[in-house]
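First, one chain by itself in structure tokens, the form predicted alone.
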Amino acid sequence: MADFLLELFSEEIPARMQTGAARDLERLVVGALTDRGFLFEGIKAFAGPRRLTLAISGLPPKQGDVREELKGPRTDAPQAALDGFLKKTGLSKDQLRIEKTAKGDVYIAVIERAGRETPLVLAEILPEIMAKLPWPKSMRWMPGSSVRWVRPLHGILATFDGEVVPLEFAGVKSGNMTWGHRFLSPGAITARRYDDYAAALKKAHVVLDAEERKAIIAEGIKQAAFVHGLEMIPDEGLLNEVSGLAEWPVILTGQIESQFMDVPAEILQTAMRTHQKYFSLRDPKTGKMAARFALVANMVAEDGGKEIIAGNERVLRARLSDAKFFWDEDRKRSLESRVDDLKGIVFHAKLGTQFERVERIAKLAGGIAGKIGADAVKAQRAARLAKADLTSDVVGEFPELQGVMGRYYAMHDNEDAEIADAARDHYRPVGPSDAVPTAKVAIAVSLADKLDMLTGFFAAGEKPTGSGDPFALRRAALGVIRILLENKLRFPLMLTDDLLSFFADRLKVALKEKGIRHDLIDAVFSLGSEDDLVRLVARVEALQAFLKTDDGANLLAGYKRAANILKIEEKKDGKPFVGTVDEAQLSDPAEKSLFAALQMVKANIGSALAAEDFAAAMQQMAGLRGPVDLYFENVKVNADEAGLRQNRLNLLAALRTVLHQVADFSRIEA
């Protein structure tokens, strides 16, 4: 067994593309090797600013021999069919054998191929794989060539068992050479195996592993902040991005001028993060943002980084001057005065302007407020102002601050605190890790905002598809679900059937992590009368617990048996059995027992469901297990006498009806 090392060395690869490229490279190579019968011990892909690397351990020196049998046409088939088969296999007619089958004699081709040396196979597949890498954006850089890649490719290092694998892509031939840091490396590096390669790069000021670079940056910022009595404001997204920008990360800290510190921290952080990739720091004693920032340099400077810091502080001064100007100018107008400006912003061609949408949201928020115990007047006022910050200069520059700025401007205008908070929180949750609003006015506006989106876009025919969700309607539905469940709000959604089905699918996603079965959600949703999500989830959880018991499992089996009998007999008779049982025709003790149990349980289940005592409803169903088992043991359902048969089938239909008070058991997987 031997090891294979591949490095694709290029101009700077955008940070956002690196992780995906490494994953795609590994996937394509694994697929190509597997298709050719190769097994190996391990594989690891790395990505950085200027290189993609792949290391495979335990590859055999040679491909295994291949013996394959292909079935061809029948011996009496037209000559053209035989000619095509011979061309496909590369054999002559006398090399085929004839095999007898139930459909006649057919030609069989036995193809035997000796395995090739591994380097030859690698040289064949790698250029194809490099051409297939699915970059989000790519470019041509060689005159007269159609080859595209993410950035100009400068080198290919490819070795197997220490020897060069000869191949060529985009005019670049492979070798055993690479280069270290653009400025800190003394020159070219020769590498034959992964261990030597990684060690040589480290000496040449290149940290190969993105996770290692990320850890270096996080620890470096932590230590640099500690020196000043500060701490880093967590920013996992920026940390991931910056780890793809520097091969040899060096942490430096700079100062923010005091004139900018009266600007809201969110504006400062966003300006530094978006434009400069700086990390914000805070005082752990107060929790407030500090007048310092951390940056990641890709250079070891002789002056300790003083000149780098000074240059970045100059750039930051210009950025923050713009941000402060926008902030100061925005406060010269009230949020109320901006509402009319929303008439000039089209929300969607079929759904009108943002102003028209705000009017719908305000009306809906007032109605929701009354149902959840919120102040309807405040909810309507908050809904009216919630989108007004979209016309501000700060949000125009930093769209991610919509809502956040609405709260600041509302506070500046001396609006009620609940209204100001609702302007900020009505977008929440914006993702699975984001908190849901908990204040009732904010909840009312947030629900109104999301429900207006969902009902509007569904009515406009803009439903999500398997390949896309351009208006983030899945996220909106999940937001509604989380708000209701986490706040335990008893709020009937009153949705159309297609939207209710959409919510059912989103609910499955939301509850998957809690281990709740998707089929049980379907079983309860399909009754068509349940859109109180808090009650629905409670019912599903009780049903899942019941089905885990012996009584539950056996009752489900009995239901399935009854349902199968009814399906067959209803098809045979061409009519459904509705469950109207003639008690006078009940003759067998087992069927009398089941009928009596159904009569009692039906009423008790109804009472338990009305009281939302789902555990009691399940307990009532458990009482049916014995009578159902006894019925199938002793009663011949398809009796010879027609009237008796129909009555017994109606009894099974009655069982189905009783159980369907709780859920549609036909949708429950056994």
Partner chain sequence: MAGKPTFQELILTLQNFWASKGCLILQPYDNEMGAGTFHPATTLRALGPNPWNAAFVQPSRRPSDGRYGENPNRLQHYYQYQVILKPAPDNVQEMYLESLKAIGLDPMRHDIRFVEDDWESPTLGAAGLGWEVWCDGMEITQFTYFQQVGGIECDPVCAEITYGLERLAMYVQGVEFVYDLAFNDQFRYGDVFHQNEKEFSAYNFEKADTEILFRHFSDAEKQCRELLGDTPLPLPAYDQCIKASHAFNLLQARGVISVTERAAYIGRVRALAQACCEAWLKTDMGKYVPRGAG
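Numbering follows the first chain given and starts at 1. Think of the rigid core as the biggest set of C-alphas that the two forms share within 1.5 Å after superposition. Everything numeric here is computed off the predicted structure, so don't read it as measured data.
Here the subject shifts to the form predicted together with its partner chain, a form of this protein not shown in this document.
*Asks:* Evaluate His275 for contact with its partner chain in the predicted bound form, applying a 4.5 angstroms cut-off between non-hydrogen atoms, and reply yes or no.
*Replies:* Close contact exists here: in the predicted bound form, His275 approaches its partner chain to within 4.5 Å, heavy atoms only.
*Asks:* Although its partner chain is absent from this view, report whether Leu520 comes within 4.5 Å of it in the predicted bound form, heavy atoms only.
*Replies:* The answer is no: Leu520 has no heavy atom within 4.5 Å of its partner chain.
*Asks:* Are any of the heavy atoms in Lys488 no more than 4.5 Å from a heavy atom of its partner chain in the predicted bound form?
*Replies:* No, Lys488 is distant from the partner.
*Asks:* Quick one: is Ala301 in contact with its partner chain in the predicted bound form, heavy atoms, 4.5 Å cut-off?
*Replies:* Result yes; Ala301 sits at the interface with its partner chain in the predicted bound form.
*Asks:* Between Ala77, Met600, Ile98, Val315, only one gets a heavy atom within 4.5 angstroms of its partner chain in the predicted bound form; which residue is that?
*Replies:* For this set of options, the contacting one is Val315.
*Asks:* Only one of His154, Lys350, Lys343, Lys371 gets a heavy atom within 4.5 Å of its partner chain in the predicted bound form. Which one?
*Replies:* Residue within 4.5 Å of the partner: His154.
*Asks:* To test your reading of this chain, name the stretch in 592-600, 225-233, 470-478, 290-298 whose heavy atoms come within 4.5 Å of its partner chain in the predicted bound form.
*Replies:* Going by heavy atoms within 4.5 Å, the stretch is 290-298.
*Asks:* Let me know which residues along 117-142 have a heavy atom within 4.5 Å of its partner chain in the predicted bound form, or say none if there are none.
*Replies:* Those in contact are Lys137, Ser138, Met139, Arg140, Trp141, Met142.
*Asks:* My question is whether Arg182 is one of the residues whose C-alpha shifts by 2 Å or more between the shown form and the other one, given a fit on the rigid core.
*Replies:* Shift at Arg182: 2 Å or more after core fit.
*Asks:* Core aligned, does the CA of Ala542 move at least 2 Å between the shown form and the other one?
*Replies:* The answer is no; the displacement is under 2 Å.
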